[in-house]
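One chain is shown next in structure tokens, namely the form predicted alone.
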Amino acid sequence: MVKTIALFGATGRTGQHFLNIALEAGFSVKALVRNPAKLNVSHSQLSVLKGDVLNRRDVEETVSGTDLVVSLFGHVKGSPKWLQTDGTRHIVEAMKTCKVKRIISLSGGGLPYPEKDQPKLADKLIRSIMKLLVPHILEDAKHHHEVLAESNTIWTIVRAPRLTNAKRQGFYRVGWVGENASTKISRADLADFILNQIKDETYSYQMPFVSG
């Protein structure tokens, strides 16, 4: 049974939603953040560690004593090219050391999953635009998937389309790119889906696409 979550990316807009509902649901959370001042949450079940996902020691300290990892960190202006890949590698190594088996990681809809996806023309166009405008982010997402796939962890990569700040509706579609999917989802609903995966291992070793 999962009691304590190691959370990476708690100060991001999706991460803040996830942190709040995880605490409301009764979980304890250890959150690694670079700037604790950005985390406007105080809770008896929350432990905040100042550090960086690119620092192996910080990551191991965060994962130690937890039952599951939720990885929601991503690129911001000025991020290193291989942020998600290198950060995920540190997390996987820490999980091995600390004997934590399961990780739920967030990525974008541009990350291909040819085993399940049925991309339509619009999906292919979006992916082509990403390759032109932000090729490093797309490549980083792909390599982060490779790190997880080659690890001994039980992993799920949650993919999402355009994110909005709309209120949580409690409804979303879970499918694949081009199949049972729309073009957007609120961060609140995305966080809700991620939280639900803690108790539901249906998508272990898969990359579901979640949309509104």
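Everything quoted here is computed from the prediction, not taken from an experiment. Numbering starts at 1 and runs along the sequence shown.
Below, we turn to the form predicted together with a small molecule, even though it does not appear here.
You can rule out all but one of 168-176, 23-31, 145-153, 51-59: in the predicted complex, only 51-59 has residues with a heavy atom within 4.5 Å of the small molecule. Residue 43 falls outside the set of residues with a heavy atom inside 4.5 Å of the small molecule in the predicted complex.
None of the heavy atoms of residue 125 is located within 4.5 Å of the small molecule in the predicted complex.
Among residues of the shown chain, residue 133 is not one whose heavy atoms approach the small molecule to within 4.5 Å in the predicted complex.
Within 4.5 Å of any heavy atom of the small molecule in the predicted complex lies no heavy atom of residue 119.
Every residue in the set 38, 75 and 106 has a non-hydrogen atom no more than 4.5 Å from the small molecule in the predicted complex.
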